[in-house]
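Next up is one chain by itself, shown in structure tokens, the form predicted alone.
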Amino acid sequence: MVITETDRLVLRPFELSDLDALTPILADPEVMRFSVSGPWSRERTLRFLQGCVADYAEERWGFGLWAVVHKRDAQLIGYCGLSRFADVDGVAEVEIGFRLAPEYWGRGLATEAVRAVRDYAFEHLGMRRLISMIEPENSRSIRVAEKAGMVREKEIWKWGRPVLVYAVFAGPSPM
């Protein structure tokens, strides 16, 4: 099943069979540089996949983080999708999150995936606002957020450190 696609990417639900392809990506120290928990083990990646599959259920969220597959080589190259956070500076929010294998960085693929997820969330899920929480030192992710139309709103304290909140709205921003 395809959630959405672009000229170069397919975004689809994760399957547990994606474990072998995803494990080296999430074990890469550079990919996980801005992760609170650092690089992940195979077991941690399996728990992540199980959580993604659970999130897709209508009785849970009905959406989640999706596998990103590069069309040209049919390789799973990371993830991009939506996560719910019950408390972002006192407010429940839905975040666009992403991680791609480093060999696919610098090609505009993250921006392409984030834009596709943004459009899917607004057009098919009826969402009106999405955020991304990004560490101030993560200049690559800041550029992706900005290229996807997100605007810096504020800096908050989350996960024991400062993070920037970028937001995008369906239609005109209420600000």
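As the structure is a computational prediction, the values presented were derived from the model and not from experiment. Don't overthink the numbering: it's just position in the shown sequence, from 1.
Below, we refer to the form predicted together with a small molecule, which is not included among the displayed structures.
Checklist entry - Would A27 count as touching the small molecule in the model of the complex under a 4.5 Å heavy atom rule? => result No, A27 stays farther than 4.5 Å from the small molecule in the model of the complex.
Next on the checklist: Is F34 near the small molecule? Define near as a heavy atom within 4.5 Å, in the model of the complex.
Outcome noted: Although the small molecule is absent here, F34 would touch it in the model of the complex, with heavy atoms inside 4.5 Å.
Item to check | Non-hydrogen atom contact S139 with the small molecule in the model of the complex at 4.5 angstroms | outcome: Yes - in the model of the complex, heavy atoms of S139 and the small molecule come within 4.5 Å of each other.
Checklist entry - Applying a 4.5 Å heavy atom distance criterion, does I134 contact the small molecule in the model of the complex? => result Yes.
Next on the checklist: By the heavy atom within 4.5 Å rule, which residue out of K147, R129, H70, R44 makes contact with the small molecule in the model of the complex?
Outcome noted: By the 4.5 Å heavy-atom cutoff, the listed residue in contact is K147.
Item to check | Contact at F98, G106 and R143 by the small molecule in the model of the complex, all three, heavy atom at most 4.5 Å | outcome: Every listed residue reaches the small molecule in the model of the complex, so yes.
Checklist entry - Pick from 49 to 57, 121 to 129, 107 to 115, 62 to 70: which stretch has non-hydrogen atoms within 4.5 Å of the small molecule in the model of the complex? => result Residues of 107 to 115 come within 4.5 Å of the partner.
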